[in-house]
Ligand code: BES
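A single chain comes next, written as structure tokens; it is the form predicted alone.
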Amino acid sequence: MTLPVSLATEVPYGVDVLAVPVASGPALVGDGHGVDLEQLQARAFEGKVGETATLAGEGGNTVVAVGVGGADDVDADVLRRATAALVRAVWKRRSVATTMLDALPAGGDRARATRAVAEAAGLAAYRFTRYKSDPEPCRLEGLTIVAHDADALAPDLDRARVVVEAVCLARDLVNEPAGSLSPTDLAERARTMAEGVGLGVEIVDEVQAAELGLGGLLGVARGSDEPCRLIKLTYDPPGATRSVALVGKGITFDSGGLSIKTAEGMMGMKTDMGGGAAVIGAMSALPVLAPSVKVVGFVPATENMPGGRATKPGDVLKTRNGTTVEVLNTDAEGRLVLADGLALAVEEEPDAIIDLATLTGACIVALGPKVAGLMGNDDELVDQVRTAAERAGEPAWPLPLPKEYRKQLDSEVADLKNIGGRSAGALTAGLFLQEFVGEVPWVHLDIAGPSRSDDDDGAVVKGGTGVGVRTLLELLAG
């Protein structure tokens, strides 16, 4: 259940807490609602973005001052971070109203700001508590955004609710232990979601996968007792004139296969299906947001285990489009399942393909844990995805696909090998994937870093982040 968020033109009667934005200085914005600047100064409150201070308000009410930084610099991203900090500051209260939109400079995009505030409130309140015997979820029963133009902003609030639910779905999937989320379980959850919202759904089992020639997926799956699945979700609105295919890596647990990971390196590998979770989450929102574009989502799902039948270093796999791959490192398995997913996506003849994957540790080394790597074969599409990511509050940074690095993937015995050497690992992984998209405009998002967080940061909470969902919905639904 997500935090209920509403709009009102005035502060509701009986609300527990009133949250008021305060700019750097500190300095009041709007009428300040009785905030005492002297009290804030005495507490060394500076109005930095996300800084909070609880004060006694007029008539015995509680007021929380929330820092929004420089008054001229307030935008949707600032309000997103400030609102997330507010939710954590009032975690145990019953209800809160906020005048956060008062901080937006004249002429600012109030619709986008409303979405940012509502999304941040819902996402910051998220906790995965299914296996907690004594959970401490957010006790807030509701947050009210106070705005003079509340009626005009209602559609933006409705959109934010849908986005929050989609992100939380992805987070739930990523946070679920691998022991209770096998490839079959993931497929069934996707089926239940699709049937509930009105998406087309097709689940390909291991027998059908062999008939389809999904050699990459089947090769990774060989070492596991759990059968693989290929999930296909379709949103096809009447009158759609353009189409997009989404492909998400769905490794429900990654041991590394025979190229086995260390014990420490394996601890977070239930999250290796973050790309697939993002595709499932984003697809769940499309029937409500109703963009006029056909979207087909593919999630190749399997475990990567070191069983007696596991693919061995040196083995050759034949993928869906006929390309043969020499597997030299079984821990470079994500690109093998994506190869089949991308080949299937090409067969849909889409106008664009976007894949998301927790693909390489090299991308984390390059960009850290909070920024996704962005690669592609079409500059216009890369720019569109980067802009959507920025607007969604999910940073992504463009990386090149140098043609001179392609030779690192040459194999002595097959068309390709699945690793390109120690250097430029994120880039050679992208070059590998590019071999399976042909001439279709394509973007690859390496979300290995931001798919999981070790702490609360803005609208992100510790654990699975659901990264990619907001970017895809911003791109597809505007």
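Just count from 1 along the sequence shown to find any residue number. Note that the structure is predicted; figures quoted are calculated from it, not measured.
Missing here is the form predicted in complex with this ligand; even so, the following discussion is about that form.
Contact with this ligand in the predicted bound form, defined as a heavy atom within 4.5 Å, holds for exactly one of 171, 335, 229, 81, namely 335. Comment: this ligand is not present in this chain, but in the predicted bound form one of 394, 119, 254, 340 has a heavy atom within 4.5 Å of it, namely 254. Contact annotation for residue 272: at least one heavy atom lies within 4.5 Å of this ligand in the predicted bound form.
The shortest heavy atom separation between residue 364 and this ligand in the predicted bound form is within 4.5 Å.
With a 4.5 Å cutoff on heavy atoms, residue 414 does not count as touching this ligand in the predicted bound form; it lies far away. Although the partner is absent from this view, residue 433 stays clear of this ligand in the predicted bound form, with no non-hydrogen atom inside 4.5 angstroms.
Heavy atoms within 4.5 Å of this ligand in the predicted bound form map, among the stretches 203-211, 173-181, 261-269, 368-376, onto 261-269 alone.
Taking this ligand as positioned in the predicted bound form, the only residue of 411-445 that brings a heavy atom within 4.5 Å of it is 419.
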